[in-house]
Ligand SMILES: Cc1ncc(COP(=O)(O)O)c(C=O)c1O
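Quick heads-up: it's one chain on its own, the form predicted on its own, in structure tokens.
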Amino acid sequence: MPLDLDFVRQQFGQLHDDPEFVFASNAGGSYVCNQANAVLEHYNRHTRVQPYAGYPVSDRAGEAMDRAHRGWAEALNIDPDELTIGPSTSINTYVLAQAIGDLWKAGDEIVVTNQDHEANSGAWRRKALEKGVTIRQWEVDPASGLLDIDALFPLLRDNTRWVFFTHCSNIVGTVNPVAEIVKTIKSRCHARVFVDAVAYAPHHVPDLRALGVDGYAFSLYKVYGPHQGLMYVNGEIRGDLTSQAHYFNSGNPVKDYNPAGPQHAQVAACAGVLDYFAALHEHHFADSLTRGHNRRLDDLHPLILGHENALAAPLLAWIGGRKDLRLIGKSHVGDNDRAPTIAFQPLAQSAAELTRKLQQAGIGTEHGHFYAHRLLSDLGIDPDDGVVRLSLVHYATLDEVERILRELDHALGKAA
């Protein structure tokens, strides 16, 4: 069954503001679906009061927030007490680093990668340095930027406490086999595993029980929703972590890793993303009413994957065939593990110059290190100029891909 792209695009009002513009910066923040905007507007217009106060409109405000919390716990196949909704993944991981790091001591070790966004690297590294904990780095291949699971084995020891890596790099674009990696780690040591999925979740929201992770985080503003971050912390380890809430809220699972007050309307609007996926599922599947959020997302994944593969394939082939471009990551979608987040380094001009040309031609792209500063440095790329990144999601069209290719060809010239 193909994805009905006309139906998809009807759910995003911003797509129709400028038909000549091609938005290719989705990895930095996607367009917001109509359903999330509707919840946000309704909350601000009709329930903008302090929630949970006991009077009717306050009760409705709290229920709107609770609907989002319950819905996303179901979608991720986790207990509601294991879900934190906070302002962003960067803040969520910073807070969790304080909760985890209080237990670390000299002689302990952690494993991080040089493939990650700095949010899933810097917070853990700083806490490890503070506590005298050894940091071991799981290195990417210096040519491709890919991680090799075999290179992880020598880093795991009896005193390895946590392993941190990404589900999908926001530069490399290749999906790491999380379940396989987690199984390998747990078979060799007693380490816990935390995965950053900011660059993966826009393409698929997975079942976290199936992955076996102890922590998982992503940002909903890159998954068609408001500026909020979702973070899972395995309930089995809650007692081992230090609450970061006000002392009188300590032990409240919703507040332990979210010391600030919640952004009420934004939290409520998180449910709108699930409303969008429900509408998409109902449009494509006859049995939609009998499926919960988790099953709907699983059903939709092959449709979205097939369309996104079709978007990425011609871009990867074209960029990979140019001698004046260095493609980062896999050059094909044949393994079904290549997101349409495509980064490359121009070799005959700066990334800034090429980006400027594309932007002037109506292509919404960017250049830089995209907070993967360590990765670009270790790939031998100047992080300040960085790479050009074209990041698409399932509402993009093949016509837009052809437009990108035409403008790339014009900006680079025929000679390659």
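Computed from a prediction, not measured in an experiment: that's the story for all the values here. Numbers for residues come from their place in the sequence shown, where the first is 1.
What comes next is about the form predicted together with this ligand, which is not displayed.
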Would you point out which of 77-85, 116-124, 173-181, 303-311 contains residues with a non-hydrogen atom within 4.5 Å of this ligand in the predicted bound form? 116-124
Given that this ligand is not shown alongside this chain, does residue 89 nevertheless sit within 4.5 Å of it in the predicted bound form, heavy atom to heavy atom? yes
4.5 Å heavy atom contact, residue 330 and this ligand in the predicted bound form: no
Is residue 276 a contact residue for this ligand in the predicted bound form, using a 4.5 Å heavy atom cut-off? no
With a 4.5 Å heavy atom cut-off, would you call residue 198 a contact of this ligand in the predicted bound form? yes
Checking 338, 296, 222, 192 against this ligand in the predicted bound form, the residue with a non-hydrogen atom inside 4.5 angstroms turns out to be 222
